[in-house]
Structures are given as C-alpha cells and as structure tokens.
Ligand code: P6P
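Starting off, we have a lone chain in the form predicted alone, written out as structure tokens.
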C-alpha cells in the first residue's frame, strides 16, 4: 500500500464534486451561465454541449492508444456526415487531419449546432442549407499534449482543458480575442503553382517583407488554434484541380468562421464573408481565408487587385 504524501488525502466522489464546485467552471455550467437561463432550451443546449464533450473524451481516449489498436491510425476511407439530435441539428467532423495520426501529430474535431426549423420533427437538409449566421453554437476540440475544447454560443469564445483526474472540461481561457494583426501565415505552399495568381502575389509579398512567419501543420484545427491565439491568417485557396477548395462549408469553414468573428477576426472566401455564403448542398466546399482582420483584408486586397488587372497571355 502506498500512502499519500503528507497533507494530501484521497478524495471521495462527494469531496471531488464539492472541490470542483468551489474552484472550477465546467463546460455544462458555463453554457448555462452564458445563457443566463435554466429554461428547457438552455438545458437542451447545455446537455448537447455535454454530449459533445463526452464524445471528445472518448475520442481523446482512443487517440491516446493510437498505434496500439486496429484501425486507429490514418485514413480509413470512411465519410464523415452530420447527425441530428432532437430540436437541434449537430454537424460534426470527428477527426480533422486524420493523416497526422500516422506520425502522432495534432488532430481535431469541429462541430456546429443549428436549430431545426419547420414542422418536420426529424429536420431536413433544407434546415441546414442556410447562411452561417443561423448557427447557434460552434466549436472545435484539439487533441494534443492536452485535450482542449473551444466553443461559442454567440457570446464570445471560450476554451476548456480536459482534466483527466476529474474527467471534466475545465474553463481555462474566457473571452478569447484575436489580435487585429499577426505575424503568422499558414498555408500549404506545396500547391503554390495550382493557385490563382492573386494568392501567389500574396505569398510573394510575405516572402519579400520581414515580420512574417510560416506555420503549417496539415490539420485545420491545429493551424486555426494557433492563429486564434497568436494572430495571423490561415489560407486554403482553390486549385486548378479543386477550384472551390477542399474544405466543407457547413462543418469546417462556417463553424470556424463563427468562432473567428466572435473573437474579433474575419473569415472570407476572398470575395464574400464565409458566414454570408448560402450552400446549395450539404457537402459544399469553399475556399477559406481566416484570421486577424488586417491580415484577411490584405489577402483580399491582392484578390481585388487581380480582378481589376487580370493576368494576360503576354505575362
């Protein structure tokens, strides 16, 4: 038998709950505090966020054993789709950046919550084919050295860290604000020659000017998380092969745009705010420029300049 160090005692379940109540703000409690209500709708949303938190815990546990379990690594060919719960529609990308699992790098999950509309109890695709301002909540989970959940219900952006000893997501940073300008640009420059000339103009600009730092990890959630906390811009342009890019609007671009705008940043396709885009199909793709206001505006300025002065054959 191993005795606890002097001054420490093993806490029973009741004492753990009391300690948690005094010192910590859990995810479900934070949602209710944000809503200033214990109404049925508020409790439904809190319960839904708790289920998202539970899913994150289960995924984190499985990822911690990646390499020891069959089918825990890399690309499987399975398709991620959205699911519906009650009066809400939950769109969930469970593993973003799954190829990073093979080399034990960061991956993430992305989620968006919309309220179902109309008389159809089961919801319909038409409920989802609306602009991003219709989201009532959005967020992501980052699986790294610690597991973090970041969310917004339209009242700021807040991050929680999973405490393994308690099995709870505990509030770590409240009201996150992105700097208006940042030094980081995050983009897969291996696709440089597949982009429109305007994006190449921007990359040439940052290469020629001091003060910019390239950071790209190949997982959207991880790259976005860095930009959110440090400032800068993340780019995923369209290419010759994929003119609309590869990111899905409803469960990748729009949820992150919702968060970014709540944090004081911006998200754009290059010609339109992401949250203004109305999809025509569930898995619609869109280019993405997201980050600090000034950085996004700078990228857009190169796009506008090229639209005024398009490249000619003589160039």
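Numbering follows the first chain given and starts at 1. This is a predicted model, so every value here is computed, not measured.
Although it is not shown, the form predicted together with the ligand is what the next lines describe.
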Candidate stretches 128-136, 228-236, 149-157, 204-212, one within 4.5 Å of the ligand in the predicted complex by heavy atom: 228-236
Answer with yes or no whether residue 192 is in contact with the ligand in the predicted complex, where contact means some heavy atom within 4.5 Å. no
Any of the heavy atoms of residue 247 lying within 4.5 Å of the ligand in the predicted complex? yes
With a cut-off of 4.5 Å between heavy atoms, is residue 184 one of the residues that contacts the ligand in the predicted complex? no
Hey, in the predicted complex, is residue 113 touching the ligand, heavy atoms inside 4.5 Å? no
Taking the ligand in the predicted complex, would 188, 220 and 252 all count as contacting it (heavy atom within 4.5 Å)? yes
